[in-house]
Ligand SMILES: Cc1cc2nc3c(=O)[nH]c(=O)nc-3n(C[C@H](O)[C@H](O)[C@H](O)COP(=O)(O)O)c2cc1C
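Presented as structure tokens, the chain that follows is alone, the form predicted alone.
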Amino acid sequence: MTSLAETPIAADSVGLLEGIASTRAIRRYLDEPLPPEALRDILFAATRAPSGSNRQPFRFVVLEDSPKAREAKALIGQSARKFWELKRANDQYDKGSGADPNSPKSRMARTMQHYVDSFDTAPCLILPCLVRYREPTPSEGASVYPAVQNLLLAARGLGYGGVITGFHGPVENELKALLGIPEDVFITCTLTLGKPAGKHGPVRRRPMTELVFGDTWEEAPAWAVDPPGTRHTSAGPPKSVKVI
């Protein structure tokens, strides 16, 4: 039997640019564990990311189905449900357009409710961490988040998906004690990962003309146009931008 050390990295199922344009937040997973070779390739991609001075201060705690992993998932799952309960009420997800079961707001509420309710059974939970080598700075995430994006893109290329959250915050001390994470290590986020129960698909964002400027703020250059077939979202504040 060939060992993973002798197994080359897998060929991805989509091209790089297509993967970037279709890597969406995946919150529903099939009840399937990730095979070791997929985890190897996904985490390998994460560890190839750039970092300040190439210090590579990122570390990844990968939790599957051990007793510790199940306890960590349960801790964060409880925190996630408390957070979502407050956000659902404060942001009035069940009022206005949220009362229409077919509205985007209502669909998002159902997706989030399912996600937090099933957090404890996510196939894989990853805690991207930062080993601090100086006092905290506003830019320190720049040495971790490129690795997290690499991870998500690699997962997309191999037919998996995930989503980033900050649900670990209220239980960070308990997590560190459970998993033996040193006090000076910063857990930057949580990332659940699995085989999508639905599909990836082209992500919806606001048009380039609202997001990309030339040499004057809010003036988009002529080339800042979306490719044919691009689908947009109305999320976020609308912008009034003139093309030059």
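Please read all numbers here as calculations on a predicted model, not as lab measurements. All residue numbers refer to positions in the sequence shown, first residue = 1.
Omitted from view is the form predicted in complex with this ligand, to which the following refers.
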Among 208-216, 64-72, 22-30, 38-46, the region lying within 4.5 Å of this ligand in the predicted bound form by heavy atom distance
22-30
Select from the listed residues 187, 197, 178, 203 the one whose heavy atoms reach within 4.5 Å of this ligand in the predicted bound form.
203
Which residue, 143, 79, 165, 150, has a heavy atom that falls within 4.5 Å of this ligand in the predicted bound form?
165
Taking 4.5 angstroms as the cut-off for heavy atoms, does residue 131 touch this ligand in the predicted bound form?
no
Can you work out whether residue 171 and this ligand are in contact in the predicted bound form, taking contact to mean some heavy atom pair no more than 4.5 Å apart?
no
May I ask you to state whether residue 109 is within 4.5 Å of this ligand in the predicted bound form, using heavy atom distances?
no
